[in-house]
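One chain comes next, on its own, written as structure tokens: the form predicted on its own.
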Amino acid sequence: MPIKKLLVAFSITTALLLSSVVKAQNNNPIIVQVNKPIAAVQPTMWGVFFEDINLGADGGIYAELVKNRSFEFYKPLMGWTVNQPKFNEGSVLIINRQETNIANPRFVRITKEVAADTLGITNEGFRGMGIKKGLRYDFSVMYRQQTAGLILHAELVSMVGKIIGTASLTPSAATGATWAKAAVSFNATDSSLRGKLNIWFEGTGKIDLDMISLFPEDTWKKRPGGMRADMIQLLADMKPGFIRFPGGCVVEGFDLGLRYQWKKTLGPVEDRQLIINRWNSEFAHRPTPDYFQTFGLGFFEYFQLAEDIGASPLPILNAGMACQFNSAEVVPIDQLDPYVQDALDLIEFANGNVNTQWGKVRAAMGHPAPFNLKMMGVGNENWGPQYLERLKIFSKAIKARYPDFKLVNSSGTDPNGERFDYLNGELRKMNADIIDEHYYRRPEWFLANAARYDNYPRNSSRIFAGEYAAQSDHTVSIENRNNAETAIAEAAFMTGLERNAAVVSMASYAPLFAHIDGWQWTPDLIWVNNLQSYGTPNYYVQKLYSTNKGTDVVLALMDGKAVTGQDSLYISSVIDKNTSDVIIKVVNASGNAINKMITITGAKKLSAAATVNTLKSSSVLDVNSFATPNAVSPVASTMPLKGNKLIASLPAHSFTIYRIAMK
């Protein structure tokens, strides 16, 4: 056969095959009924959960570059190196004033008796310091002179030992018992991923130093002593409905002495009492002995952050129980009152007028207006009758004073099993407002559980999908990866959360952040080093849901049923009454591309085309990285409609959102 005829025959055959595939796939189209809303989507539906794990706070969103700035780590000079070629006993001493300053007992005393001698101290930062060329850096220190005469020289030093920024600071001539603060700013002349801060002393004298600090100029909203802007911007871009803080397991502590106490995180940073981070030594595979909580990022800053990004605050408080995996320590019931009072005082701190005890504290910190706190979690991943006993006391006290206030209650660590069944049953008997469920499982579990909430009671406790992440290997494995497979599995599960918005009112991935050189747990939503940050494929799934939230769920049916895995498809749909859009979310979890007819009923008129965002990859193992941060990220396009119909072209292992205006 001539080649021309062969090509024509091949083209005809191919067209017929494609036509038959399309027809076969369109025999059972998706029907989206936009005029029949079945549930309201809560403004809080898609949010973020922050915990100080993986250097999430110190060394993360808290932009302080100096590690152990107040010498309070259990090794007081951890993070510091003394530079003294000619050894002089006693030239650098750590003084402990425990009896006079419990919150910040230690400081360093520098004594230099010979002007020609070299004496200095160097701070290594949190796995180094990220230094940006041309950026201003603000150096500050609290000092008290015993003998005047020393001049402080601050230097930024690059990874190769090059000085890339310098400034001098001369303390006042005054001596005595009073502490003062001095500050100086200077610009970096080059960039470095893992720089250091060197401080050397010129002249002779004796000086006490504390709270040695270095912040970049470009903090979030340019706030002095604030947060790292690129990391916060990634959160703001998600437009989250809520932010849960401060955890997580850090709420509990190894024991009650190391629990998170929000009142100790307020006021001047030098008065905030540092504690060991419970992730300091939790995992033998990732020991982190230099991991502490300085609380420069405290509850005021969390509330301020929530306000900045338009999210409802969701603080979690200790229920009088330490981590049950570690110590199983509980406070006796007859000593629970201070814990309950902390909860009541927190509501007053957030919402009270400036004449109340705690409202006055908030106002003094610069925020006289209330933070409009509406909900709170009591306990984190707690379980057993001992938790319920304490929870009932909290609930009674809080509801008596604030009857409309919503409480989030723990259902333990797992989404099934005897522990979960017991808690779920008992919490429902208590008419719990919101039950917090957690799921760290393989991708297959997420696909299989897209219909999990289809049969949950509609007029009972609401669900908070408080912590979830598909594990590419297994839970607590260092081999877990944020790959395309886990992201697509989560997207499929989330269609079930959205479809059941009558039951599920909040959801958040966990953990949120991880430092590439300082993580303890993986997978994580956003990865950072000292200069860069990027969102994982899982981040883009969360962002696509949150920025396409809508206001009301509408039915999306195939063969008269919700689409929960038939033909490896998972579908949910909402309308947005504010924009008059219908938003259809479709996951193709199979390894084959699929064309599927979608018919939209109940709209008087639709736009001629849909805006489309598709998350796909060439391999389910694909990941993002610092070198290729957008390797797996949404691709925008348009898709024409024919009347009220469109042919959805669904790539293999993909998540696609169709947004169509209803005119």
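Counting begins at 1, following the sequence as shown. Note that the structure is a prediction, hence the values are computed from the model and not measured.
Just so it is clear, the following notes concern the form predicted together with alpha-L-arabinofuranose (AHR), a form of the same protein that is not shown.
Among 130, 511, 496, 165, the residue placing a heavy atom within 4.5 Å of alpha-L-arabinofuranose (AHR) in the predicted bound form is 511. This chain is drawn without alpha-L-arabinofuranose (AHR); in the predicted bound form, the residue among 279, 139, 201, 387 with a heavy atom within 4.5 Å of it is 279.
Proximity of residue 57 to alpha-L-arabinofuranose (AHR) in the predicted bound form: non-hydrogen atoms within 4.5 Å are absent; the residue sits far from the partner. Proximity of residue 248 to alpha-L-arabinofuranose (AHR) in the predicted bound form falls within the 4.5 Å heavy atom cutoff. Taking the partner from the other structure, alpha-L-arabinofuranose (AHR) in the predicted bound form has a heavy atom within 4.5 Å of a heavy atom of residue 49. At the 4.5 Å threshold, heavy atoms of residue 538 stay clear of alpha-L-arabinofuranose (AHR) in the predicted bound form, well away from it. The stretch among 193-201, 99-107, 481-489, 432-440 whose residues place heavy atoms within 4.5 Å of alpha-L-arabinofuranose (AHR) in the predicted bound form is 432-440. With contact defined as any non-hydrogen atom lying within 4.5 angstroms of alpha-L-arabinofuranose (AHR) in the predicted bound form, 467 is the only contacting residue in 458-482.
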